[in-house]
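Have a look below at one chain only, the form predicted on its own, in C-alpha cells format.
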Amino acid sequence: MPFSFHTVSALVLRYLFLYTRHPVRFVELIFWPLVDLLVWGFLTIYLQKQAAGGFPTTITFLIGGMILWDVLFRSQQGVAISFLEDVWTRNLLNVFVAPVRTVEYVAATCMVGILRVGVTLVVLSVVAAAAYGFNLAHLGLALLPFLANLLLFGWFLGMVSTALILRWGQAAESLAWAVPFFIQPLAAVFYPVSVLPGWLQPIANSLPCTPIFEGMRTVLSGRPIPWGIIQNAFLLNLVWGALAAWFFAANLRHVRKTGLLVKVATQ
C-alpha cells in the first residue's frame, strides 16, 4: 500500500479538532513558553545592568537559546503528545486497526509538531522583539537550517518518547515531557560545550542540537555562518533518525506481538 498523504492530512485534521474543541489546550502552547521567555528575558536585563556594559551582547544568547530550545521541545511534544491524545481518548486501537501505516501515523504527528512550533515561535519572536529588542532575524540565512535541524531532532526524540511509553505503558507518560530535559544539560543551550567536564564533551557533541546552539552563539557574535557546524548537525540527525526509527519500530513490534498494545490503549 503506497504512502497516503490523504491519510496523513486526515490524522492531522483530527488532532487539530482537539484544539478547536478544547481551547484550553492552547494554554500549553502559549502560556508556558511565554513564561519561560519572560523569566529568561528579565534575567537577561538584570545581568546586563549588573555587568555595567561588560557583556551586553553575549548575554542575549540566553534569549536566543531559550527560543531555539522551545522549537526542539515543541517539535518533540508534537509527536509524543499526539500519541498520548490517542491514548487518553481511547482512540489508539482505532488508529492501528484502521488502514493507517505506521509511517503515515508518525508523519501526521510530525506535522502536528511543525504546527505547534509555528504557533509558539511566532508568539515568542514577537514578544522577544517587542519586550527585549531581540530579533531572530539577526541569525540571517542560518535561521532556516537551525530551525530545520531542531525540528528533525525534536521529531526523533518524540519517536523515542512514544516508543518508551508504548513499551512501559501509561506509567511512563511523564517521559513525554522528561526526555528532552534528559539531554538539555549536555545540549549547550545556554553555555558552550567547553564548560562541560572533558568526559562529557564527546557525549554533548554527539547530539544534533549541540552544533546548532553553538552556531547560534557564533552568528549572534557577528561572526560568519558556520556552515560546517550546520552540516555536522544534519549528519548527526541522519544517525539519530535511523536509530529512533529502529527503536520505535522494534518497540511497536514488541507490543503488538505481546499484546501490550491493547493494554496501553485501554488503560
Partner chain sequence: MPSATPILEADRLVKVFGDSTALEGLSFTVAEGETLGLLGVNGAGKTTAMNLLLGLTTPTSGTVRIFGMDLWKHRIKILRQVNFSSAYTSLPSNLLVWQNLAVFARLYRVPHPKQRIDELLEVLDITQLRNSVTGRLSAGESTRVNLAKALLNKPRLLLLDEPTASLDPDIADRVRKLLRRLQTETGLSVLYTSHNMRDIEEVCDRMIFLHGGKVLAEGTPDEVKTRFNQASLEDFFIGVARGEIEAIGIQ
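Quantities reported herein were computed from a predicted structural model and do not represent experimental measurements. Positions refer to the first chain, counted from 1.
Not pictured, yet referred to below: the form predicted in complex with its partner chain.
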Answer range among 110 to 118, 92 to 100, 144 to 152, 191 to 199 for contact with its partner chain, defined in the model of the complex as heavy atoms within 4.5 Å: 92 to 100
Heavy atom of residue 259 within 4.5 Å of its partner chain in the model of the complex: yes
Residue 245 within 4.5 Å of its partner chain in the model of the complex, heavy atoms: no
Exercise: residue 250 in contact with its partner chain in the model of the complex, heavy atom 4.5 Å: no
Partner proximity in the model of the complex: residue 13 to its partner chain, non-hydrogen atom cutoff 4.5 Å: yes
Interface residues of 150 to 171 toward its partner chain, as seen in the model of the complex [heavy atoms, 4.5 Å]: none
